[in-house]
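Below sits a lone chain in structure tokens, taken as the form predicted alone.
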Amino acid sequence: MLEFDGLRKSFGDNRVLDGVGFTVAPGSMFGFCGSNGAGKTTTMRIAMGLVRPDAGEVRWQGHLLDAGARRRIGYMPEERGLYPKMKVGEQVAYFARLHGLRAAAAARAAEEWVGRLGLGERRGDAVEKLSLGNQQRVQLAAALVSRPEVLILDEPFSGLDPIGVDSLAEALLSQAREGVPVVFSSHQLDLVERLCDSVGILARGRMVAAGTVDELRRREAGRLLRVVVPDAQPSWAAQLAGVRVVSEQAGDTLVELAAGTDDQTVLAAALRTGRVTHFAWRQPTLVELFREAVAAPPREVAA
């Protein structure tokens, strides 16, 4: 397990982290979500020893992370740290050497990851000649090249085109399949929802929701029903007890049911107004869960 346990950090009067904790199992992907300034980057910097916490600790396989353990972590910082005049292939091999690979192994690993991330034709170019998206791919190759035991990536998909997103997603999934725990932060919640086994939502320095997307749906979402009645009169559901109309357009109505309200009452009302072509509980997206979680009052969440 990769364990983040009770992390607290303040910068002056600004409390950035307030008891943040979560675990990532081997072979799983954890999506770390939060608004700008929520504390995601500080959490990752603490794991890498770049920031010292006021309290709490980060453990890997039951032991505190030290300099030796951190050499086995593939880390991608929010601020990119590339040498602009160095060639792509040489740069990735250099980062592999920094992680302890011998020269020949570093060169082979660099060749592999430069190719896998779509940079094979640019391996001899200086980094400064690449687009920002391709520079992002070089930074990702540098994080992956040492065959890390753990991956911690801060906004790895930022700036990538759809092909780059797909290449990186497959690379991360392949690492997870090999047993590597993967933590990445992202504002692209559709990617988090698609790729991650579990999700943590950070707000105001605290973990306000954590679990699988399905668990968050059960825990956080209201009772939303989508009812499609093509020939229905407008506002047919507005007068039903325990029912709130969320949206209504051209016979497609989304309603929220209060606790204890029977969905069959809604169905009967819908049938009285016309032919029902769709009647089902609606699964909220991670974007909707995120908005609800960050807007809610602070509370303790078990990760």
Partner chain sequence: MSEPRDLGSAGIVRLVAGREISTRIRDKSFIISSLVIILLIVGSIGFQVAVSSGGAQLRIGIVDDSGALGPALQAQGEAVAVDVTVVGLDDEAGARSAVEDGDVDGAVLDAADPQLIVEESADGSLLAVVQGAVSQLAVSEQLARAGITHLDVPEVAVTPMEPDAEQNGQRIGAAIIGVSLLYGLLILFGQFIAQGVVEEKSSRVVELLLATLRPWQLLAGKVIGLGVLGLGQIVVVMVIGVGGALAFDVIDVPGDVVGTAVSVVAWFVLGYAFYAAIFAVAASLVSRQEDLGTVLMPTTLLLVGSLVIGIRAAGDPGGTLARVTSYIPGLSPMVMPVRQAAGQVAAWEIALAVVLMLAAIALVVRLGGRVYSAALLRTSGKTKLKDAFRAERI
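The structure presented is a predicted model; accordingly, all values stated were derived computationally and were not measured. Positions refer to the first chain, counted from 1.
Although it is not shown, the form predicted together with the partner chain is what the next lines describe.
Checking 218, 102, 177, 129 for any heavy atom within 4.5 Å of the partner chain in the predicted complex turns up a single hit: 102. Though the partner chain is absent from this view, in the predicted complex it lies within 4.5 Å of a heavy atom of just one residue from 266, 276, 245, 48, which is 48. Checking 190-198, 155-163, 119-127, 67-75 against the partner chain in the predicted complex, the stretch whose residues place heavy atoms within 4.5 Å of it is 67-75. Interface membership of residue 95, defined by any non-hydrogen atom within 4.5 Å of the partner chain in the predicted complex, is confirmed. Although the partner is absent from this view, residue 112 contacts the partner chain in the predicted complex, with a non-hydrogen atom inside 4.5 angstroms. Interface residue remark: residue 228 is not counted as part of the site for the partner chain in the predicted complex, having no heavy atom within 4.5 Å. None of the heavy atoms of residue 204 is located within 4.5 Å of the partner chain in the predicted complex. The partner is not shown here, but in the predicted complex the stretch 73-95 reaches within 4.5 angstroms of the partner chain through a heavy atom at 75, 77, 79, 80, 81, 82, 83, 84, 85, 86, 87, 90, 94, 95.
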